[in-house]
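So this first bit is one chain, no partners, the form predicted on its own, shown in C-alpha coordinates.
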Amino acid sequence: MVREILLGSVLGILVFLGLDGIDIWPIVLLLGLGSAVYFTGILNRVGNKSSRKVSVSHVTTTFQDIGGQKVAKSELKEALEFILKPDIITRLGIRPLKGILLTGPPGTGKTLLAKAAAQYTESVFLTSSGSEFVEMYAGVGAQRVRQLFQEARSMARKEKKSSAIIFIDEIEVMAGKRGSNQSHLEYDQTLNQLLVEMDGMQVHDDEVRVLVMAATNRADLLDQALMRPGRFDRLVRVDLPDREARLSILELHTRNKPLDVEANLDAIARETFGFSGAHLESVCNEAAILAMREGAEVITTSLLRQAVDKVMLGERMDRTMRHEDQKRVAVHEGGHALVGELVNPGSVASITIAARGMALGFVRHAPDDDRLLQTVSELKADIQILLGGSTAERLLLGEQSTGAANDFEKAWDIARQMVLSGLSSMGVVQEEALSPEVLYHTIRDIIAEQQSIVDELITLHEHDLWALAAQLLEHETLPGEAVRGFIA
(Lines give C-alpha, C1' and ligand atoms only; values in the text may rest on other atoms or scores of the structure.)
Protein backbone atom coordinates (compact mmCIF):
# COMPACT_ATOMS: atom_id res chain seq x y z
CA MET A 1 0.00 0.00 0.00
CA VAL A 2 2.85 2.37 0.87
CA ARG A 3 4.60 1.63 -2.45
CA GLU A 4 1.45 2.47 -4.41
CA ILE A 5 1.04 5.79 -2.58
CA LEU A 6 4.73 6.64 -3.11
CA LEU A 7 4.56 5.75 -6.81
CA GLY A 8 1.40 7.85 -7.30
CA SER A 9 2.97 10.81 -5.51
CA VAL A 10 6.10 10.68 -7.70
CA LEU A 11 4.01 10.51 -10.89
CA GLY A 12 1.87 13.43 -9.71
CA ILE A 13 4.92 15.57 -8.98
CA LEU A 14 6.39 14.78 -12.40
CA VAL A 15 3.14 15.73 -14.13
CA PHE A 16 2.95 18.99 -12.16
CA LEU A 17 6.54 19.89 -12.99
CA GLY A 18 5.98 19.08 -16.65
CA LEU A 19 2.91 21.31 -16.86
CA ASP A 20 4.90 24.05 -15.16
CA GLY A 21 7.41 23.99 -18.04
CA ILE A 22 10.26 22.25 -16.23
CA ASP A 23 12.33 19.67 -18.17
CA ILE A 24 11.57 16.45 -16.30
CA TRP A 25 13.51 14.01 -18.55
CA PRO A 26 16.74 14.07 -16.51
CA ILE A 27 14.67 13.28 -13.42
CA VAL A 28 12.89 10.44 -15.26
CA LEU A 29 16.24 9.04 -16.38
CA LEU A 30 17.65 9.08 -12.84
CA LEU A 31 14.52 7.46 -11.46
CA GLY A 32 14.71 4.78 -14.18
CA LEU A 33 18.33 3.96 -13.37
CA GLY A 34 17.57 3.83 -9.67
CA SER A 35 14.62 1.52 -10.27
CA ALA A 36 16.73 -0.77 -12.45
CA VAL A 37 19.41 -1.07 -9.75
CA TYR A 38 16.77 -1.67 -7.08
CA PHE A 39 14.91 -4.39 -8.96
CA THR A 40 18.17 -6.04 -10.09
CA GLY A 41 19.14 -6.34 -6.44
CA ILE A 42 15.80 -7.93 -5.65
CA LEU A 43 16.13 -10.38 -8.54
CA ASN A 44 19.67 -11.29 -7.47
CA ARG A 45 18.55 -11.97 -3.90
CA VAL A 46 15.67 -14.09 -5.16
CA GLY A 47 17.98 -15.83 -7.62
CA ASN A 48 20.50 -16.57 -4.88
CA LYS A 49 17.80 -18.28 -2.84
CA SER A 50 16.10 -20.11 -5.68
CA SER A 51 19.07 -21.20 -7.79
CA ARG A 52 21.19 -22.44 -4.89
CA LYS A 53 20.61 -26.13 -5.38
CA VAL A 54 21.85 -27.28 -1.99
CA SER A 55 20.19 -30.54 -1.08
CA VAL A 56 19.62 -31.49 2.53
CA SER A 57 18.95 -35.22 2.65
CA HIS A 58 18.49 -37.91 5.28
CA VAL A 59 20.78 -40.55 3.85
CA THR A 60 20.32 -44.27 4.33
CA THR A 61 23.40 -45.41 2.41
CA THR A 62 25.87 -47.36 4.53
CA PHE A 63 29.40 -48.55 3.91
CA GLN A 64 27.98 -52.07 3.51
CA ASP A 65 26.01 -50.82 0.50
CA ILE A 66 29.24 -49.97 -1.32
CA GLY A 67 31.02 -52.82 -3.02
CA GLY A 68 34.81 -52.95 -2.92
CA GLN A 69 36.83 -49.85 -1.96
CA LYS A 70 38.12 -51.49 1.25
CA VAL A 71 41.08 -49.14 1.57
CA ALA A 72 39.03 -46.01 0.89
CA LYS A 73 36.34 -47.04 3.39
CA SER A 74 38.89 -47.89 6.05
CA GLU A 75 40.74 -44.59 5.64
CA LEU A 76 37.49 -42.66 5.62
CA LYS A 77 36.22 -44.32 8.80
CA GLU A 78 39.46 -43.45 10.57
CA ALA A 79 39.12 -39.81 9.52
CA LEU A 80 35.55 -39.69 10.88
CA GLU A 81 36.56 -40.69 14.40
CA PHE A 82 36.82 -37.07 15.50
CA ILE A 83 33.05 -36.72 14.97
CA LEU A 84 32.20 -39.97 16.73
CA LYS A 85 34.62 -39.65 19.66
CA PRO A 86 35.04 -35.94 20.49
CA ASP A 87 36.03 -36.65 24.11
CA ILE A 88 38.95 -38.88 23.15
CA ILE A 89 40.01 -36.43 20.45
CA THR A 90 40.05 -33.58 23.00
CA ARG A 91 41.91 -35.62 25.61
CA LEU A 92 44.65 -36.56 23.15
CA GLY A 93 44.94 -33.01 21.84
CA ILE A 94 44.12 -34.02 18.28
CA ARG A 95 43.10 -31.25 15.93
CA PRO A 96 39.84 -32.26 14.25
CA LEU A 97 40.01 -32.76 10.52
CA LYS A 98 38.30 -30.03 8.55
CA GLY A 99 38.21 -31.47 5.08
CA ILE A 100 38.39 -34.79 3.23
CA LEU A 101 38.97 -34.85 -0.52
CA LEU A 102 37.81 -37.91 -2.47
CA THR A 103 39.63 -38.22 -5.75
CA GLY A 104 39.51 -40.85 -8.48
CA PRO A 105 38.02 -41.73 -11.87
CA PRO A 106 34.33 -41.06 -12.58
CA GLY A 107 31.85 -43.67 -11.40
CA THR A 108 33.96 -45.15 -8.61
CA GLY A 109 31.56 -44.26 -5.77
CA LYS A 110 32.84 -40.97 -4.33
CA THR A 111 29.34 -39.58 -3.74
CA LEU A 112 28.20 -42.86 -2.19
CA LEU A 113 31.15 -42.77 0.21
CA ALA A 114 30.20 -39.25 1.29
CA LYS A 115 26.61 -40.33 1.94
CA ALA A 116 27.80 -43.36 3.88
CA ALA A 117 30.04 -41.10 5.96
CA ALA A 118 27.04 -38.97 6.93
CA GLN A 119 25.05 -42.05 7.92
CA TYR A 120 28.03 -43.52 9.77
CA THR A 121 28.43 -40.38 11.90
CA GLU A 122 24.68 -39.59 12.10
CA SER A 123 25.37 -36.14 10.68
CA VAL A 124 23.25 -33.69 8.75
CA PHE A 125 24.19 -34.12 5.10
CA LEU A 126 24.19 -31.17 2.68
CA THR A 127 25.26 -31.70 -0.89
CA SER A 128 25.95 -29.30 -3.72
CA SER A 129 28.00 -28.99 -6.90
CA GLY A 130 30.93 -26.72 -7.57
CA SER A 131 29.12 -25.11 -10.48
CA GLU A 132 26.37 -23.84 -8.13
CA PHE A 133 28.80 -21.36 -6.58
CA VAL A 134 29.98 -19.71 -9.79
CA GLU A 135 28.01 -16.79 -11.22
CA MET A 136 28.69 -13.79 -13.44
CA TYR A 137 27.68 -11.42 -10.63
CA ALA A 138 30.51 -10.42 -8.30
CA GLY A 139 30.16 -11.68 -4.76
CA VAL A 140 27.35 -14.15 -5.44
CA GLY A 141 29.57 -17.24 -5.15
CA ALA A 142 31.14 -16.08 -1.91
CA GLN A 143 27.69 -15.34 -0.48
CA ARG A 144 26.50 -18.83 -1.37
CA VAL A 145 29.50 -20.36 0.40
CA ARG A 146 28.66 -18.41 3.56
CA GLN A 147 25.03 -19.43 3.33
CA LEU A 148 25.99 -23.09 2.88
CA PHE A 149 27.99 -23.19 6.12
CA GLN A 150 25.32 -21.24 8.00
CA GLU A 151 22.66 -23.62 6.74
CA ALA A 152 24.72 -26.65 7.81
CA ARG A 153 24.96 -25.37 11.38
CA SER A 154 21.32 -24.28 11.59
CA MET A 155 20.04 -27.59 10.17
CA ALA A 156 22.15 -29.56 12.66
CA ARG A 157 20.77 -27.50 15.57
CA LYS A 158 17.24 -27.88 14.23
CA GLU A 159 17.57 -31.66 14.09
CA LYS A 160 19.45 -31.68 17.41
CA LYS A 161 22.60 -33.18 15.92
CA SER A 162 26.12 -32.28 16.86
CA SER A 163 27.72 -32.62 13.43
CA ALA A 164 27.12 -31.78 9.79
CA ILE A 165 28.82 -32.91 6.60
CA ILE A 166 28.97 -30.59 3.59
CA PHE A 167 29.63 -32.46 0.35
CA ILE A 168 30.73 -30.50 -2.73
CA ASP A 169 30.86 -32.51 -5.94
CA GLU A 170 33.11 -31.46 -8.85
CA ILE A 171 34.89 -29.01 -6.56
CA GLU A 172 37.49 -28.17 -9.21
CA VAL A 173 34.89 -25.89 -10.87
CA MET A 174 34.89 -23.47 -7.91
CA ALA A 175 38.32 -24.17 -6.44
CA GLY A 176 40.64 -24.06 -9.42
CA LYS A 177 44.07 -22.47 -9.22
CA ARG A 178 43.73 -18.75 -8.58
CA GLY A 179 44.77 -16.48 -11.41
CA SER A 180 43.78 -18.96 -14.12
CA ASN A 181 40.56 -17.03 -14.91
CA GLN A 182 41.45 -13.73 -16.54
CA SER A 183 37.91 -12.49 -17.28
CA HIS A 184 36.95 -11.61 -13.69
CA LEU A 185 37.86 -12.49 -10.11
CA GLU A 186 34.56 -14.08 -9.16
CA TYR A 187 36.13 -17.56 -9.17
CA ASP A 188 38.93 -16.39 -6.88
CA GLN A 189 36.52 -14.64 -4.52
CA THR A 190 34.44 -17.80 -4.20
CA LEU A 191 37.53 -19.88 -3.41
CA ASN A 192 38.77 -17.27 -0.92
CA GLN A 193 35.49 -17.44 0.95
CA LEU A 194 35.69 -21.25 1.11
CA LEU A 195 39.23 -20.99 2.52
CA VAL A 196 38.05 -18.50 5.14
CA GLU A 197 35.10 -20.67 6.16
CA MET A 198 37.29 -23.76 6.55
CA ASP A 199 39.86 -21.80 8.56
CA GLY A 200 37.12 -20.50 10.82
CA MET A 201 35.68 -23.89 11.69
CA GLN A 202 36.55 -23.93 15.38
CA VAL A 203 35.09 -26.75 17.45
CA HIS A 204 33.70 -26.10 20.93
CA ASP A 205 31.39 -28.08 23.15
CA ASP A 206 28.40 -25.94 22.28
CA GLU A 207 29.04 -25.73 18.53
CA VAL A 208 28.23 -27.96 15.59
CA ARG A 209 31.18 -29.89 14.19
CA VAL A 210 31.28 -29.29 10.43
CA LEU A 211 33.25 -31.50 8.05
CA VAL A 212 33.72 -30.57 4.41
CA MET A 213 33.92 -33.46 1.97
CA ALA A 214 34.56 -32.91 -1.71
CA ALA A 215 34.96 -35.04 -4.81
CA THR A 216 36.95 -34.52 -7.97
CA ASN A 217 38.61 -36.49 -10.75
CA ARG A 218 40.98 -33.59 -11.51
CA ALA A 219 42.88 -32.98 -8.28
CA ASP A 220 45.68 -31.41 -10.34
CA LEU A 221 43.43 -28.41 -11.07
CA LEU A 222 42.82 -27.50 -7.43
CA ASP A 223 44.46 -24.51 -5.77
CA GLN A 224 47.34 -25.44 -3.48
CA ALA A 225 45.99 -23.30 -0.64
CA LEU A 226 42.99 -25.60 -0.46
CA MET A 227 45.10 -28.73 -0.41
CA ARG A 228 47.33 -27.81 2.51
CA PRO A 229 46.91 -29.43 5.96
CA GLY A 230 44.31 -27.62 8.01
CA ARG A 231 41.87 -27.44 5.13
CA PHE A 232 41.69 -30.68 3.22
CA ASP A 233 43.64 -32.80 5.67
CA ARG A 234 42.96 -36.15 4.05
CA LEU A 235 43.20 -37.17 0.42
CA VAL A 236 41.31 -40.43 -0.07
CA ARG A 237 41.98 -42.16 -3.36
CA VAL A 238 38.94 -43.97 -4.79
CA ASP A 239 40.34 -46.17 -7.55
CA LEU A 240 38.80 -48.47 -10.12
CA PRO A 241 37.85 -51.78 -8.49
CA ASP A 242 40.09 -54.82 -8.81
CA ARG A 243 38.77 -58.29 -9.66
CA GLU A 244 37.67 -59.11 -6.11
CA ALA A 245 35.97 -55.73 -5.73
CA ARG A 246 34.21 -56.12 -9.10
CA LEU A 247 32.78 -59.43 -7.94
CA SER A 248 31.56 -57.77 -4.74
CA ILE A 249 29.92 -54.97 -6.73
CA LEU A 250 28.23 -57.42 -9.10
CA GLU A 251 26.87 -59.40 -6.16
CA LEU A 252 25.60 -56.18 -4.62
CA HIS A 253 23.75 -55.04 -7.74
CA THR A 254 22.23 -58.44 -8.51
CA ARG A 255 20.86 -59.14 -5.04
CA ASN A 256 17.48 -57.63 -5.98
CA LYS A 257 17.39 -59.34 -9.39
CA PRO A 258 16.36 -62.90 -10.35
CA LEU A 259 19.83 -64.29 -10.99
CA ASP A 260 20.24 -67.76 -12.47
CA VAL A 261 21.70 -70.17 -9.94
CA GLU A 262 24.34 -71.14 -12.50
CA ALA A 263 25.26 -67.55 -13.38
CA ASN A 264 29.02 -67.11 -13.17
CA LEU A 265 29.61 -63.67 -11.68
CA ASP A 266 33.28 -64.48 -11.13
CA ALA A 267 33.74 -64.87 -14.90
CA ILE A 268 32.00 -61.54 -15.50
CA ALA A 269 34.24 -59.89 -12.92
CA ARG A 270 37.27 -61.34 -14.70
CA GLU A 271 36.08 -60.04 -18.08
CA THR A 272 35.33 -56.49 -16.94
CA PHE A 273 38.83 -55.25 -16.18
CA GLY A 274 38.85 -51.44 -16.17
CA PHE A 275 35.13 -51.11 -15.38
CA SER A 276 34.07 -48.69 -12.65
CA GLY A 277 31.31 -49.35 -10.14
CA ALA A 278 28.93 -47.31 -12.29
CA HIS A 279 29.79 -49.46 -15.33
CA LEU A 280 29.13 -52.65 -13.36
CA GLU A 281 25.80 -51.34 -12.08
CA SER A 282 24.88 -50.56 -15.68
CA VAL A 283 25.88 -54.09 -16.73
CA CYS A 284 23.49 -55.61 -14.16
CA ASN A 285 20.72 -53.22 -15.18
CA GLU A 286 21.20 -53.87 -18.91
CA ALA A 287 21.19 -57.63 -18.27
CA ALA A 288 17.82 -57.28 -16.54
CA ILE A 289 16.52 -55.24 -19.48
CA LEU A 290 17.70 -57.92 -21.91
CA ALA A 291 15.96 -60.58 -19.81
CA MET A 292 12.74 -58.58 -19.97
CA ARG A 293 13.13 -58.12 -23.73
CA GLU A 294 13.62 -61.85 -24.28
CA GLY A 295 10.94 -62.88 -21.79
CA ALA A 296 13.46 -64.73 -19.61
CA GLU A 297 12.62 -65.52 -16.01
CA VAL A 298 16.19 -65.26 -14.74
CA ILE A 299 19.40 -63.45 -15.67
CA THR A 300 21.95 -65.84 -17.11
CA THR A 301 25.68 -65.55 -17.73
CA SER A 302 24.97 -65.13 -21.44
CA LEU A 303 22.75 -62.11 -20.77
CA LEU A 304 25.39 -60.61 -18.51
CA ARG A 305 28.01 -61.02 -21.24
CA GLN A 306 25.71 -59.36 -23.75
CA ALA A 307 25.23 -56.53 -21.28
CA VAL A 308 29.00 -56.12 -20.96
CA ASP A 309 29.26 -55.75 -24.74
CA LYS A 310 26.44 -53.20 -24.77
CA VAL A 311 28.00 -51.10 -22.01
CA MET A 312 31.39 -51.18 -23.75
CA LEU A 313 30.29 -50.46 -27.32
CA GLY A 314 26.61 -49.53 -27.32
CA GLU A 315 23.48 -51.09 -28.76
CA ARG A 316 23.72 -53.63 -31.54
CA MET A 317 23.33 -51.94 -34.94
CA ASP A 318 20.98 -53.21 -37.60
CA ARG A 319 23.32 -52.90 -40.56
CA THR A 320 23.07 -54.79 -43.81
CA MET A 321 26.56 -55.64 -45.02
CA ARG A 322 27.75 -57.19 -48.22
CA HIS A 323 28.99 -60.76 -47.92
CA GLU A 324 32.48 -59.61 -48.95
CA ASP A 325 32.55 -57.07 -46.13
CA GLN A 326 31.30 -59.63 -43.61
CA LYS A 327 33.99 -62.02 -44.74
CA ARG A 328 36.65 -59.32 -44.32
CA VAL A 329 35.41 -58.45 -40.82
CA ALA A 330 35.44 -62.15 -39.88
CA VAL A 331 39.02 -62.54 -41.10
CA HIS A 332 40.08 -59.33 -39.37
CA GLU A 333 38.58 -60.20 -35.99
CA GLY A 334 39.74 -63.78 -36.35
CA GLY A 335 43.28 -62.48 -36.77
CA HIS A 336 43.02 -60.50 -33.54
CA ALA A 337 41.63 -63.49 -31.64
CA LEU A 338 44.11 -66.02 -33.04
CA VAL A 339 47.17 -63.88 -32.27
CA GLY A 340 45.72 -63.06 -28.85
CA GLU A 341 45.44 -66.74 -27.96
CA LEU A 342 48.89 -67.54 -29.32
CA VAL A 343 50.75 -64.82 -27.41
CA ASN A 344 48.53 -64.88 -24.31
CA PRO A 345 46.73 -68.25 -24.03
CA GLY A 346 43.28 -68.18 -22.46
CA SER A 347 42.87 -64.41 -22.80
CA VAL A 348 40.05 -64.27 -25.37
CA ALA A 349 36.62 -64.05 -23.76
CA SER A 350 34.51 -63.75 -26.92
CA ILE A 351 34.63 -62.76 -30.58
CA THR A 352 31.83 -61.37 -32.71
CA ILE A 353 31.20 -59.78 -36.09
CA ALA A 354 27.94 -58.19 -34.90
CA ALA A 355 28.19 -54.42 -35.34
CA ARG A 356 27.85 -52.32 -32.18
CA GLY A 357 28.22 -48.57 -32.15
CA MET A 358 31.07 -47.68 -34.52
CA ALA A 359 32.63 -51.16 -34.39
CA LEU A 360 31.83 -53.68 -37.12
CA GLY A 361 33.14 -56.45 -34.88
CA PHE A 362 35.38 -56.89 -31.88
CA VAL A 363 37.30 -59.32 -29.71
CA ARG A 364 36.89 -59.01 -25.96
CA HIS A 365 39.94 -60.03 -23.95
CA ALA A 366 39.89 -61.05 -20.29
CA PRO A 367 43.31 -61.23 -18.60
CA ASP A 368 43.78 -63.76 -15.83
CA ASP A 369 44.79 -61.04 -13.39
CA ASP A 370 44.48 -57.27 -13.31
CA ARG A 371 47.66 -55.74 -14.66
CA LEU A 372 48.86 -52.60 -12.92
CA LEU A 373 52.32 -52.83 -14.48
CA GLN A 374 53.35 -54.19 -17.86
CA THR A 375 56.65 -55.68 -18.90
CA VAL A 376 58.36 -55.28 -22.26
CA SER A 377 57.13 -58.69 -23.43
CA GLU A 378 53.53 -57.86 -22.42
CA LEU A 379 53.61 -54.56 -24.28
CA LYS A 380 55.02 -56.25 -27.38
CA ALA A 381 52.28 -58.89 -27.14
CA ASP A 382 49.66 -56.11 -27.06
CA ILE A 383 51.14 -54.63 -30.24
CA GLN A 384 51.11 -58.04 -31.92
CA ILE A 385 47.43 -58.53 -31.07
CA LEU A 386 46.59 -55.11 -32.51
CA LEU A 387 48.46 -55.94 -35.73
CA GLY A 388 46.77 -59.33 -36.08
CA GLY A 389 43.63 -58.02 -37.80
CA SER A 390 45.30 -56.06 -40.59
CA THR A 391 47.88 -58.82 -41.12
CA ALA A 392 45.14 -61.42 -41.52
CA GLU A 393 43.43 -59.25 -44.15
CA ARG A 394 46.66 -58.73 -46.06
CA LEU A 395 47.82 -62.35 -46.07
CA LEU A 396 44.45 -64.06 -46.54
CA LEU A 397 42.53 -61.54 -48.66
CA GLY A 398 45.40 -59.90 -50.55
CA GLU A 399 44.97 -56.35 -49.24
CA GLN A 400 44.15 -54.37 -46.10
CA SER A 401 41.24 -52.03 -45.40
CA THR A 402 40.55 -48.87 -43.40
CA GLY A 403 39.15 -50.98 -40.56
CA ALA A 404 42.60 -51.25 -39.00
CA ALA A 405 43.13 -47.48 -38.55
CA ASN A 406 42.24 -47.53 -34.86
CA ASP A 407 44.44 -50.61 -34.30
CA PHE A 408 47.43 -48.83 -35.80
CA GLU A 409 46.84 -45.78 -33.63
CA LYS A 410 46.78 -47.86 -30.46
CA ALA A 411 49.87 -49.84 -31.53
CA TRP A 412 51.74 -46.59 -32.16
CA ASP A 413 50.77 -45.26 -28.71
CA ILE A 414 52.03 -48.44 -27.00
CA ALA A 415 55.33 -48.32 -28.90
CA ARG A 416 55.72 -44.65 -27.97
CA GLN A 417 55.06 -45.54 -24.34
CA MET A 418 57.82 -48.14 -24.53
CA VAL A 419 60.30 -45.57 -25.84
CA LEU A 420 59.47 -42.94 -23.23
CA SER A 421 59.52 -45.54 -20.44
CA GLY A 422 63.07 -46.57 -21.30
CA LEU A 423 61.98 -49.97 -22.64
CA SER A 424 63.34 -49.62 -26.16
CA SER A 425 66.82 -50.21 -27.54
CA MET A 426 67.61 -46.55 -26.76
CA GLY A 427 67.37 -47.16 -23.02
CA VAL A 428 66.46 -44.32 -20.69
CA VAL A 429 65.50 -41.19 -22.62
CA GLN A 430 63.94 -37.80 -22.02
CA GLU A 431 61.14 -36.82 -24.36
CA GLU A 432 62.21 -33.19 -24.65
CA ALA A 433 65.71 -34.25 -25.66
CA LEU A 434 64.52 -36.56 -28.42
CA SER A 435 64.23 -35.22 -31.93
CA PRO A 436 60.97 -36.09 -33.72
CA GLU A 437 62.90 -38.04 -36.34
CA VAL A 438 64.67 -40.26 -33.80
CA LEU A 439 61.44 -40.89 -31.90
CA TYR A 440 59.61 -41.70 -35.15
CA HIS A 441 62.19 -44.19 -36.40
CA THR A 442 62.51 -45.91 -33.00
CA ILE A 443 58.75 -46.44 -32.86
CA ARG A 444 58.74 -47.68 -36.44
CA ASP A 445 61.46 -50.22 -35.61
CA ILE A 446 59.48 -51.56 -32.63
CA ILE A 447 56.32 -51.98 -34.70
CA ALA A 448 58.22 -53.50 -37.66
CA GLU A 449 59.78 -56.09 -35.34
CA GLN A 450 56.36 -57.11 -34.02
CA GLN A 451 54.90 -57.10 -37.52
CA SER A 452 57.38 -59.73 -38.69
CA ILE A 453 56.41 -61.96 -35.75
CA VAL A 454 52.69 -61.57 -36.52
CA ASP A 455 53.30 -62.41 -40.20
CA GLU A 456 54.87 -65.70 -39.15
CA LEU A 457 52.02 -66.54 -36.74
CA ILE A 458 49.28 -65.83 -39.28
CA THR A 459 51.09 -67.75 -42.03
CA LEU A 460 51.63 -70.74 -39.74
CA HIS A 461 47.94 -70.83 -38.68
CA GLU A 462 46.34 -69.75 -41.94
CA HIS A 463 44.17 -72.89 -42.11
CA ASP A 464 42.95 -72.37 -38.52
CA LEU A 465 42.11 -68.74 -39.27
CA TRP A 466 40.03 -69.66 -42.33
CA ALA A 467 38.10 -72.18 -40.24
CA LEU A 468 37.53 -69.61 -37.47
CA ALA A 469 36.30 -67.02 -39.98
CA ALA A 470 33.88 -69.55 -41.48
CA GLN A 471 32.42 -70.29 -38.04
CA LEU A 472 32.04 -66.57 -37.37
CA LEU A 473 30.14 -66.10 -40.62
CA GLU A 474 27.82 -68.91 -39.60
CA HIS A 475 27.30 -68.13 -35.90
CA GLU A 476 28.25 -64.42 -35.74
CA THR A 477 29.46 -64.70 -32.13
CA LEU A 478 31.76 -67.30 -30.58
CA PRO A 479 32.99 -67.76 -27.01
CA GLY A 480 36.67 -67.85 -26.18
CA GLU A 481 36.57 -71.63 -25.76
CA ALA A 482 35.60 -72.03 -29.42
CA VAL A 483 38.55 -69.89 -30.51
CA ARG A 484 40.92 -72.00 -28.43
CA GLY A 485 39.48 -75.14 -30.03
CA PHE A 486 40.77 -74.07 -33.44
CA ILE A 487 44.32 -73.63 -32.21
CA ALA A 488 44.58 -76.80 -30.12
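Just count from 1 along the sequence shown to find any residue number. Here the structure is a predicted model, which means the values were calculated and not measured.
Just so it is clear, the following notes concern the form predicted in complex with adenosine-5'-triphosphate (ATP), a form of the same protein that is not shown.
request  = Consider the chain as shown here, without its partner, and state which of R394, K77, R153, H253 has a heavy atom within 4.5 Å of adenosine-5'-triphosphate (ATP) in the model of the complex.
outcome  = Here the answer is residue option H253.
task = Sort through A263, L342, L112, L379 and report the residue having a heavy atom within 4.5 Å of adenosine-5'-triphosphate (ATP) in the model of the complex.
result = If I apply the 4.5 Å criterion carefully, the residue I get is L112.
query = Are all three of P105, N217 and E281 close to adenosine-5'-triphosphate (ATP) in the model of the complex, meaning a heavy atom of each within 4.5 Å?
reply = Every residue of the candidate spot has a heavy atom within 4.5 Å of adenosine-5'-triphosphate (ATP) in the model of the complex.
request  = Report the stretch among 452-460, 66-74, 415-423, 428-436 that approaches adenosine-5'-triphosphate (ATP) in the model of the complex to within 4.5 Å, counting heavy atoms only.
outcome  = Result of the contact check: 66-74.
ask   = Could you tell me if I249 has a non-hydrogen atom within 4.5 Å of adenosine-5'-triphosphate (ATP) in the model of the complex?
value = Output for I249 is yes: heavy atoms within 4.5 Å of adenosine-5'-triphosphate (ATP).
message = Residue-level question: is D188 within 4.5 Å of adenosine-5'-triphosphate (ATP) in the model of the complex, judged on heavy atoms?
response = It does not: once adenosine-5'-triphosphate (ATP) is placed as it appears in the model of the complex, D188 has no heavy atom within 4.5 Å of it.
query = So in the model of the complex, does any heavy atom of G277 sit within 4.5 Å of adenosine-5'-triphosphate (ATP)?
reply = Yes - in the model of the complex, heavy atoms of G277 and adenosine-5'-triphosphate (ATP) come within 4.5 Å of each other.
task = Decide whether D169 counts as a contact residue for adenosine-5'-triphosphate (ATP) in the model of the complex under a heavy atom distance cut-off of 4.5 Å.
result = Because a heavy atom of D169 falls inside 4.5 Å of adenosine-5'-triphosphate (ATP) in the model of the complex, the answer is yes.
query = What residues, if any, in 439-456 have a non-hydrogen atom within 4.5 angstroms of adenosine-5'-triphosphate (ATP) in the model of the complex?
reply = Going through 439-456 in order - heavy atoms within 4.5 Å of adenosine-5'-triphosphate (ATP) in the model of the complex - there are no hits.
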